[in-house]
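Okay, here we've got a single chain as structure tokens, the form predicted on its own, with questions on binding and movement later.
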Amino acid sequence: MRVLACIKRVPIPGAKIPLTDDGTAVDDERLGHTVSPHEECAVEEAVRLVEAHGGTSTVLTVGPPDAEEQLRAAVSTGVDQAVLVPTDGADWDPQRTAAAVVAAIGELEQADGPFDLVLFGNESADAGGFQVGIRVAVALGRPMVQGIKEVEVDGDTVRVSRPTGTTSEVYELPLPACLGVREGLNLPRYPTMRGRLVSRKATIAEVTVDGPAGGQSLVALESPPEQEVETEVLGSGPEAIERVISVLEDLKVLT
């Protein structure tokens, strides 16, 4: 089978995100970058499916030339092919990104046949728009389910489930299909030394496509106020026992 995982280069989650002076973009000159945890699971699932059923796995991103770093990281964990849709470095809106992904998939499928599964992270770690995967699925005319935490391929169908409160919803989709997966679907593997060496020599294919800008436009970015956390030292040694008991009683841990 053929499996495609779509990823996005984003600032490392949890890092302090500086903005440019005009507040219209992220100043990423000193930021580290990665892919979101959801997309890491999408890459891992693509590798696992090919290991179980045979075939090839591909990873694709729409981004600047520096996004090769994230593509090579995916190759180091076992992905067979990597594809970059180069941009000018600007963060495209969801409509334009989806249109570019659809066009790139069209070129790749024309050359090597259709992908059985196209995997997306449920949402990106930076924008969190929940849009690109759904827009791509609609444009391709393929079924899609978001929030996936279990995938099982059986012949020409894929059985997936997603948690909903205290239970789960289960879907059976005909292939080819698209899926939006969530962190926790699997445990992404660490690259081996051999994988790292392979990724350094891997050829990153480029597919130059574009899409029309959508109706969304960025007005400004705002950094939320930093949250201050105060730490209270309750004491040291046996002298702190009474204070610890008092705090536990206030928290209703002790009655």
Partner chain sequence: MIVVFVETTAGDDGDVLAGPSRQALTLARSLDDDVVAVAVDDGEVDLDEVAEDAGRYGAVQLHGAWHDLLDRYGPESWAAALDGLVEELAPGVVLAAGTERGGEVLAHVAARRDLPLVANVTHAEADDAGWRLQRVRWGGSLFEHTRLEAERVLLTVQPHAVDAVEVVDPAAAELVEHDVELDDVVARTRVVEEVVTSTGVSLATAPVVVGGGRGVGSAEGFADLERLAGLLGGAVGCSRVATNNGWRPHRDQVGQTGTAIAPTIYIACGISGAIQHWAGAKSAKHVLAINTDAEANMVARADWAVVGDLHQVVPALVAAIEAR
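Positions refer to the first chain, counted from 1. On a predicted model such as this, the values are computed, not experimentally measured, just so you know.
What follows is about the form predicted in complex with the partner chain, which we do not show.
In terms of contact with the partner chain in the predicted complex, the residue from Q81, Q95, T87, S76 that brings a heavy atom within 4.5 Å is Q95. Note on the partner interface in the predicted complex: the residue among T192, T208, T56, Q216 having a heavy atom within 4.5 angstroms of the partner chain is Q216. Under a 4.5 angstroms non-hydrogen atom cutoff, the partner chain in the predicted complex has P143 among its neighbouring residues. The shortest heavy atom separation between L221 and the partner chain in the predicted complex is within 4.5 Å. The partner chain in the predicted complex comes within 4.5 Å of a heavy atom belonging to E169.
Contact check for R72: no non-hydrogen atom falls within 4.5 Å of the partner chain in the predicted complex. Using a 4.5 angstroms heavy atom cutoff to the partner chain in the predicted complex, none of E29, A52 and P114 count as contacting. Applying a 4.5 Å heavy atom cutoff to the partner chain in the predicted complex picks out N122, E123, A125, D126, A127, G128, G129, F130 from 115 to 130, in order along the sequence.
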